[in-house]
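A lone chain, given as structure tokens: the form predicted alone.
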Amino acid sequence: MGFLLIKRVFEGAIDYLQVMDEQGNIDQANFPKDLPDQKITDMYKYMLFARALDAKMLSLQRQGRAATYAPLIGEEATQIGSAFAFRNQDVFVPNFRQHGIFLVRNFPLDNFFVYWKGYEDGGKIPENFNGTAVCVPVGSQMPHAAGIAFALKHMNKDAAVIAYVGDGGTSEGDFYEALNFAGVWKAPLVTVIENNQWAISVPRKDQTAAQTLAQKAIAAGIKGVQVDGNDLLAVYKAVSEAIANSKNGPTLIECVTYRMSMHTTADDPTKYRTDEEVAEWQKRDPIARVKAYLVKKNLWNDELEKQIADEQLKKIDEAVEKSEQFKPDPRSMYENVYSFMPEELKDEEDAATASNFWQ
């Protein structure tokens, strides 16, 4: 009689969280206890603000008044819900589509427009912003996020790092290295995957054989959860709990959402996805379901929506006007690249500064 040498050494599971359904109905058992109706109303206003900002940026880009832009439409619940969960001391590490979070964290709106006109000056992070700049290379922000989280722990700071990555970014080595490092050192890192189903033209099904993206946490030995990313309340709850638990180690949150528009303004999504697919996801519009909830509770109406829309558009137009007064300084391309400026780079800076092109 032989010995049985095969045994199961590990089993894992990923929970899915939803609090508000597509009609605005609530699962009271999972409703966040620290979320009064006024706060939900404020969150809804920011969702509207983010979508209005998106529309303005797309219009400016099509007019040739802005550079390539990555729209966020459809992802407002993931962004606003998570941003409202932040504490003041928490650090925000974005990729290139977290415009809604920049809004909630009071990034200067005129600087936002300057940046998306193609000038790095607009991306300069204000003092006490507790965040890093826009990061376009896919996934490369993740090791930085893990390093910041490690530093916060080393300094005994009561703060977490909330980093954002797309579904495509989860295929990058940087993503796995950051999760593994954070897991080993129990760093206070909360990673939010904005799974919007498409990494440019690559669909989610071709991105990985894993049934969920959240289960990638299992290999790193950290907590993972999948959330309805179009559910404002579920995102808020998941991120709040992850931040509260961050002193014990990292969490990976997959927010299942959808990019209703193009990857960037240089992209044509009609080449790789169907109108039927988009229409199905439009039924799950994150803004529509929050509005349905607020209207049922007599907290919102069309008159108030128009008033808020007019106020937000006024702020946006004022910021656009201010941003168009910005005059670029060629030196900004050369400074802060090295700890000291090499002679060759100094020569280039002098030539650029002397050029009439910048006048």
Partner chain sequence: MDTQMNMVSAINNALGTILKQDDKAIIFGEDVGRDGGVFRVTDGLQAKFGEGRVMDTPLAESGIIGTAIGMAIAGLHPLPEIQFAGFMYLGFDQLVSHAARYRMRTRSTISIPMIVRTPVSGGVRALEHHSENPEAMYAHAGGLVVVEPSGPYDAKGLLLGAAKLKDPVIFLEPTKLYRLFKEEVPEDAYELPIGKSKVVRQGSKLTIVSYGVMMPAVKNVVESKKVDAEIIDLRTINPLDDATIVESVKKTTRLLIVHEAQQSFGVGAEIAARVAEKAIYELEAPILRVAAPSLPYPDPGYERYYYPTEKKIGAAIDKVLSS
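If you're wondering where the values come from, they're calculated on a predicted model, not measured in any experiment. Numbering follows the first chain given and starts at 1. The term rigid core refers to the most C-alpha atoms you can superpose between the two forms while keeping them within 1.5 Å.
The same protein also exists as the form predicted together with the partner chain; that form is not shown, yet it is the one meant from here on.
When contacts are defined as a non-hydrogen atom within 4.5 Å, all of Asp121, Val134 and Glu335 contact the partner chain in the predicted bound form. Although the partner is absent here, Met155 sits close enough that one of its heavy atoms falls within 4.5 Å of the partner chain in the predicted bound form.
Within 4.5 Å of some heavy atom of the partner chain in the predicted bound form lies at least one heavy atom of Pro342. Using a 4.5 angstroms limit between non-hydrogen atoms, Leu213 is distant from the partner chain in the predicted bound form.
The closest non-hydrogen atom of Tyr272 lies beyond 4.5 Å of the partner chain in the predicted bound form. Looking at 97-105, 204-212, 253-261, 143-151, the stretch with residues near the partner chain in the predicted bound form, meaning non-hydrogen atoms within 4.5 angstroms, turns out to be 143-151. Though the partner chain is absent from this view, in the predicted bound form it lies within 4.5 Å of a heavy atom of just one residue from Asn180, Gln197, Gln282, Asn245, which is Asn180. With the partner omitted from this view, the residue of Asp90, Asp174, Asp110, Glu241 that lies near the partner chain in the predicted bound form is Asp174 [heavy atom within 4.5 Å]. Tyr334 is among the residues whose C-alpha shifts by 2 Å or more between the shown form and the other one once the rigid core is aligned. Glu22 is not among the residues whose C-alpha shifts by 2 Å or more between the shown form and the other one once the rigid core is aligned; its shift stays under 2 Å.
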